[in-house]
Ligand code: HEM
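In structure tokens, one chain follows: the form predicted on its own.
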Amino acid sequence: MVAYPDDVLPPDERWDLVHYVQSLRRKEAQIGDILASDGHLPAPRFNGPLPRDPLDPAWERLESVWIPLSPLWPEPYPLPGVAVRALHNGQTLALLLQWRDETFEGAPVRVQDFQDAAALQFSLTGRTPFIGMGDPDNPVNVWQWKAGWQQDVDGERPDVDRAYASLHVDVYPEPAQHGLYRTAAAAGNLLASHGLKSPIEDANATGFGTIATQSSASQNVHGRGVWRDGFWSVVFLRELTSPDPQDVQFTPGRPVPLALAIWNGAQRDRNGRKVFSNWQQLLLAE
């Protein structure tokens, strides 16, 4: 675009134009305190037990970092970013994600339903691999929180009878026969199980289409998600070190590449249809 001569707009009108352009920005977009422009996410040291409830007032004493997100699939209302807080106490790491979501979308009990979700992706090599689930030389550890799993943990997971109030059941198997009909759950598939201990899935990947859930014994990421007043607040918790070689390890003073993703069930997000961030550097204070 050709530059305008100095005499086209006087200085006061230039500022009027600047203010007008600024007025077009979505004022509600950024809810974080600091923009992660340098790609760093600090995790200060906290003395004492970490806050495990996403609504714990202790989180308010910590500044949040605003991490921009980009849609991987065309969406009418893509989420512009997520506010993140992180801290550790030398033994456990806690991360709080908060983002705007006007509707609660829980467990998908119908084929046309999709759930809200959030994920953290960590590099296992310390390098920043391909953002799309890593690559064979640079595997990633993925923690995914799911709203439907949160309902299961809270004892509130809905079934088809809630979606279809007039549902007529002709024959329903006895509990002893559920394995004949719910074969995935009977085989120990974590994604089909009920009575989950955590709403967060611990998984690994080495590129597109390689995501693999860790065994039930290796599921050591905990947390909780709460939807209130049009916002999701989700806490992820895990010990800094893990005996599982497929888990990311955290050492104070050593940065760990981290990326985030959010799924909006109301916009039919699932799998690769999501919004995601670029790589950040999570740095635990010494």
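In this text, residue numbers run from 1 along the sequence as written. It should be emphasised that the depicted structure is a prediction, and the values quoted were computed from it without experimental measurement.
There is another form of the same protein, the form predicted together with protoporphyrin IX containing FE (HEM); it is not shown, and what comes next is about it.
K.L.:
Can you work out which of Ala107, Leu79, Val153, Leu72 has a heavy atom no more than 4.5 Å from protoporphyrin IX containing FE (HEM) in the model of the complex?
P.N.:
Filtering the options by heavy-atom distance leaves Leu72.
K.L.:
Please tell me which of Gly90, Gly126, Gly209, Pro158 lies within 4.5 Å of protoporphyrin IX containing FE (HEM) in the model of the complex, judged by heavy atoms.
P.N.:
Only one option qualifies, and that one is Gly209.
K.L.:
Although protoporphyrin IX containing FE (HEM) is absent from this view, report whether Leu50 comes within 4.5 Å of it in the model of the complex, heavy atoms only.
P.N.:
Result no; Leu50 lies far from protoporphyrin IX containing FE (HEM) in the model of the complex.
K.L.:
Are any of the heavy atoms in Val221 no more than 4.5 Å from a heavy atom of protoporphyrin IX containing FE (HEM) in the model of the complex?
P.N.:
No, Val221 sits far enough from protoporphyrin IX containing FE (HEM) in the model of the complex that none of its heavy atoms falls within 4.5 Å.
K.L.:
Is Lys146 a contact residue for protoporphyrin IX containing FE (HEM) in the model of the complex, using a 4.5 Å heavy atom cut-off?
P.N.:
Looking in the model of the complex, residue contacts with protoporphyrin IX containing FE (HEM) include Lys146, since a heavy atom lies within 4.5 Å.
K.L.:
With the partner left out here, check for me: in the model of the complex, does some heavy atom of Leu120 sit within 4.5 Å of protoporphyrin IX containing FE (HEM)?
P.N.:
Contact with protoporphyrin IX containing FE (HEM), yes.
K.L.:
I need the one stretch from 39-47, 235-243, 57-65, 256-264 whose residues put non-hydrogen atoms within 4.5 angstroms of protoporphyrin IX containing FE (HEM) in the model of the complex.
P.N.:
In the other structure, the partner sits against 256-264.
K.L.:
Residue by residue through 92-118, tell me which have a non-hydrogen atom within 4.5 angstroms of protoporphyrin IX containing FE (HEM) in the model of the complex.
P.N.:
Going through 92-118 in order - heavy atoms within 4.5 Å of protoporphyrin IX containing FE (HEM) in the model of the complex - there are no hits.
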